[in-house]
Structures are given as structure tokens and as C-alpha cells.
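There is one chain below, alone, in C-alpha cells, taken in the form predicted alone.
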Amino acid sequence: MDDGVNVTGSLRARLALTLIGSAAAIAVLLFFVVRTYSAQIAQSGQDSILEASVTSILDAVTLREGDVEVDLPYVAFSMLSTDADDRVFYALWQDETLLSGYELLPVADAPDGGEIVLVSAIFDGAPVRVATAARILVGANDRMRVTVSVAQTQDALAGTLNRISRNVGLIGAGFFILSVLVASWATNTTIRPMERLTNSITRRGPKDLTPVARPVPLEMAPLVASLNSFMARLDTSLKQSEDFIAEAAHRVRTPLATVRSHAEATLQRVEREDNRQALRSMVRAIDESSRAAGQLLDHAMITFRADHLETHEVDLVELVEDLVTRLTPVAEMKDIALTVVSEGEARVEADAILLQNALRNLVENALKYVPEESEITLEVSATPRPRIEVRDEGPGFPPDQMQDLAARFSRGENAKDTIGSGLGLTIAKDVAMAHGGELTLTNMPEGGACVTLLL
């Protein structure tokens, strides 16, 4: 993936496949279980009828004057009639002698007590079910064994089983489709808390490291607890870093100011040109370090306030005019005019301190690069979006570096000889983003740079 995450598969797909595969296995098992049970019930019904037929024939057999007589009852065969017109076969044996019926009909070895034996066989090219029973007839001087077998083809049974199989198959298919829908619903329901957690964290700002307070399922509790612990440690580490930077910047600026004052005083007393040049370089380095320390302090303050943004109604025109009033003495030293252009009030919900800090950095940047006796224009507008444009008459931005100039500590090639830390545009960009806006850099056609702070 583009995010560099090592992915081994989809949990949603794995869960869905597990549920659907289980449903398919259950549907197949259900089909065979129901079909087997239905076949046993249907076979049991046919067997009961065959047993009744054999019993009725066997009851009709009598022994008279040493001869076996039987009047085949009509009901013995009529009860075997089916919708499929199954064929019926029978055989009546006296000991080893066929008295009536089909000689080749398979006859099972049945006990003499009239117990019925049921077997399946092939007769006349068709599968048949054969019921066989035997009885001992005793006369005055005779004793003989009579065996009766009745067989019936299984076309009706096969048709019944086919209908049962079709109905069970339809029921199984319906069960499978319902299981797929239930699996899809169960999968979405199971995954949804993870998606909500993901969306909740994704919607957070880059500085929001507050613990996850959204209720989560029991199984996700260890993950969320670990995530909260990690964010707490990270938040502590970031705050310590910001505090260190702010403290370091604060402690550096004071001795730098002392060193600068001593360097300037010494510069007034030194007469040799090489020594004076060295002192000027020292003052320049001190100014650059002091400005960098100040901007580091500003950046740390902005980072903290952006994480805990407190907005109030702010009039951008009034804020810009107040800033221009305070920076005018600095601008007048270079004969630079600061001009405010507006179309009336432009009120927004914002943090006034952050906006003022961002604008001060933009104007100070412009003051560093514009030539003497030029103009810096600050235009305030409320439509279509609240924005402040800072335009100057300087050299502008290097076109090939413009997209990277707002990065931290980034400076253009035309700024090598100018004191700076590369944080001014970064501070303005962070303030814009904290207010849901953006910072854009352009060069004007007539020359000069234009920085637009959109809110």
C-alpha cells in the first residue's frame, strides 16, 4: 500500500469467507442428512406395505388333505399400486418346489416363524425391494415349509426421493443465500467499530493526541488501550520537546542581546578597519541567532496554541491596522510605506494572537527583502473567503523553489545574504492550517511577491 503498511489480507473478507464457507458446508450437510432421512422414511413406508402384502398371502395359504392351497387375495397386490405403476412380482414355494409366481425371483433365507426379511436386489433389469416370509404347515401326517416372496420395483420411491431432493436442494439454496446475507450483515456489524475508530483517528488533526474515548467492543479494548498509551507517551515527548525549544530560545535571546550591546559599544571604540569588520560580522551573526531564537519561540507557542485553539470574533481589518501601527517605525527607517486596503469589516472566528503572529512574520519578511522607498500592501477581504494578502515590490520568490519555501528552515537562493531562520513562512502556514485555511505564495506580474493567508 501507499502508506507503507504490511498487509496480509482483508479481515472483512476473511470473516465473510469463513461464515459463507461454514454456511455452504452446513447447507450441503443439511441436504444429505435430510435426503438420507427422507429416503429411510420412504423406504420404511414401502417396506411396511410389502410386509403387509406378504403377510396377507401367507395367511391365505392352507393345507388340505396333504395339499397346499392358496387363494391369492386381491388386496395383497392392490395395496402395492403406485402412481409410477411399479411392477410387482411374487413367488410361492413349498419346500423347494415353486407353486406359483416367478421362479427366478430372489428369495431371502427367512426363518420359519413368519418373521419377514427384506432385501434389495436386481430383477428383470430393475432394482426391486423383496420381502420374504416362511411358515411351517402341519397336517395329520404331513409337515411342509411354505415360503412367500413379494417384490416391487422402486420407480415411485425414486420419484419421491427426486422430489424430496429437489425441495431439500431449494431449501438448502435458500438457506445458503440467507446465510450469505446474514454473513454480510454480521461482517459489517463486526467490522464497523473498527471503521468508526479508524475514521475517528483519521479525522483528527496532526497535533491531536488526546485518548480515544469512543466506546469499543471488549476485543478491541487492548488495542485502544495500547493506542492511548502510545499517544500519551508521544504527547508527553512532543510537549517536552516544545518546552525545551521555547526555554532554549528564551535563554539564548537574553545573553545574545547582552553580547550584541557590548559588540556595538566596542565597534564605536575600535579604529582598525579589520577589527571593525569582524565586529560587524559578529553583530550580524548575533542578529541572525536572535531572530532564529525568537522565531523558534514563536513556533513553539503557535504549536501549543494550535493544539488548544480558542477562537473569538476578530475583525481582520482592525487587527491588520494595529499591526501596521506597531511596525511603521521599523518600516520608516528604510523609507518603506505600509498600506492597508480593505472593503469594510471582515470578521472571523479565530485566535487573534496566532493571526497577529503570522502576519507579523509575513510583514517582517517583506521588510527584509524589499528595496528602500518602496511599498508593502496588506489587503483584507471577506469574500469569497476571509483572506489577507501581503504584497511587496521586492525580488519575489524563486519560481522553482516556491512550493518548498513554507517548509521548516527552508530559504530561497535569493535570501543567502539576508538574516533569517527559514521559519517565518512556516509559522504563517501553521497558523492558516490551524484555522482550516492555507497559505499560498505567488509572484505578481509587475514584480514582487504576494503571500495570501486564507482562513
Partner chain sequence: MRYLVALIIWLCPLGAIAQEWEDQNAFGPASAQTTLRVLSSTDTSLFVPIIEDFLQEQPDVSIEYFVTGTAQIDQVFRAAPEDFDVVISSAMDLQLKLVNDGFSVKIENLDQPQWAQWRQSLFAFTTEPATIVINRAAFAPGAVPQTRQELIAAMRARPDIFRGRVGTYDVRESGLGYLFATQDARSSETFWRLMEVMGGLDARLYCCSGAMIDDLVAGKLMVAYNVLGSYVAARDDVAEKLEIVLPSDFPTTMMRTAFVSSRTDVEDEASAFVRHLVEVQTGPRNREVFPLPPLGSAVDGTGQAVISLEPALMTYLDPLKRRTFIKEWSSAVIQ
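Definition used throughout: the rigid core is the maximal C-alpha set that superposes within 1.5 Å between two forms. All figures in this text were calculated on a predicted structure; none of them were measured in a lab. Positions refer to the first chain, counted from 1.
Although it is not shown, the form predicted together with the partner chain is what the next lines describe.
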Original post:
Thinking of 317, 321 and 423 as one candidate spot, does the partner chain come within 4.5 Å of a heavy atom in every one of them in the predicted complex?
Top reply: no
**OP:** Name the stretch, out of 361-369, 75-83, 161-169, 128-136, where some heavy atom lies within 4.5 Å of the partner chain in the predicted complex.
**Re:** 75-83
**OP:** Using heavy atoms only and a 4.5 Å cut-off, determine which of 47, 69, 404, 59 is in contact with the partner chain in the predicted complex.
**Re:** 69
Subject >> in the predicted complex, the one of 334, 204, 87, 280 near the partner chain [non-hydrogen atom within 4.5 angstroms] >> reply: 87
Subject >> residue 195 within 4.5 Å of the partner chain in the predicted complex, heavy atoms >> reply: no
**OP:** Give a yes/no on whether residue 100 approaches the partner chain to within 4.5 Å in the predicted complex, heavy atoms considered.
**Re:** yes
**OP:** Would you please decide whether residue 105 lies within 4.5 angstroms of the partner chain in the predicted complex, comparing each non-hydrogen atom pair?
**Re:** no
**OP:** Classify residue 348 as contacting or not contacting the partner chain in the predicted complex by the rule of any non-hydrogen atom within 4.5 angstroms, answering yes or no.
**Re:** no
Original post:
For the stretch 153-177, which residues lie within 4.5 Å of the partner chain in the predicted complex by non-hydrogen atom distance?
Top reply: 153, 155
Original post:
Once the two forms are fit on the core, has residue 146 moved its CA by at least 2 Å between the shown form and the other one?
Top reply: yes
**OP:** Return yes or no for residue 275: a CA shift of at least 2 Å between the shown form and the other one, with the rigid core superposed?
**Re:** no
Original post:
Once you line up the core, how about residue 390: does its CA shift reach 2 Å between the shown form and the other one?
Top reply: no
